[in-house]
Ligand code: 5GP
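In structure tokens, the next block holds one chain alone, the form predicted alone.
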């Protein structure tokens, strides 16, 4: 950590980036470290290939995140957050790889340890927890904007402190963030308490799509481009849907198959899908995701695959035979 801090103190323009389809931890940790560096006089650019989900746009400064960067930008350092490998940032990976120094900050056990510097802590509840420690080590005062970013990252990645990655530090850090200005009620209202009518309609279709394996131990939810069109919604509206499939009695593994927005093929042809996996802790879905070129945690992981939908479902349902 000391070497990373020393480098950041000397660095010129810095790019902050996280994974495609960013969640609360990706956005919160990105904003927190970026704003902390700006307080030290650094020039910072925030990047995300995917739009910020509507439920996280309440976060101060989130509107500064850009969806495009180019090779002409003269960044000296890139900080990549919450990504198991550099390609999780999306199409900009090839540009980021050319930046002189890449710093990798993450808590996924499947992290490939890419970059010039790696700050990986698989015991951390969220990347936001690691960023919190980095900011404290840098002796940067945490203002209310940084506090709400860190709080949101930890709260969402622990499922409101319900998931198995919740630890004592989760509560201790969040208590400190509340004291520094984070409002738990405000965050909860935006993240969980306010939905568009379209999102409710999309959820209804997603729940109707749920299929259960013959032994009842695996559930599969599917969300397609057609569903988005019918409900006038976007991929970021799917955030949290997989928990409905995971919460079904006796289910050990839940999968959410999400058709990617960039698909161009005709019906019946191979398309690209992102598969999110969740487990009840008895199965290591991180290992499954890694097999298909993805990654994550033992209880929450994912991968992308190009295949006809029927082929993906067949692969997933075959997992039930081992449960």
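Positions refer to the first chain, counted from 1. This structure is a prediction, so every number in the text was calculated from the model and none was measured.
This protein has a second form, the form predicted in complex with this ligand, left out of what is shown; the following refers to that one.
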**Asked** Looking in the model of the complex, any heavy atom of residue 252 within 4.5 Å of this ligand?
**Response** no
**Asked** If you check in the model of the complex, is residue 24 within 4.5 Å of this ligand, heavy atoms only?
**Response** no
**Request:** Determine whether any heavy atom of residue 108 comes within 4.5 Å of a heavy atom of this ligand in the model of the complex, and answer yes or no.
**Result:** yes
**Partner contact for residue 271 in the model of the complex: this ligand, 4.5 angstroms, heavy atom** = no
**Prompt:** this ligand isn't shown here, but in the model of the complex, which of 27-35, 47-55, 60-68, 288-296 has heavy atoms within 4.5 Å of it?
**Reply:** 288-296
**Message:** Do any residues of 290-305 have a non-hydrogen atom within 4.5 angstroms of this ligand in the model of the complex? If so, which ones, in sequence order?
**Reply:** 294, 295, 296, 297, 300, 301, 302, 303, 304
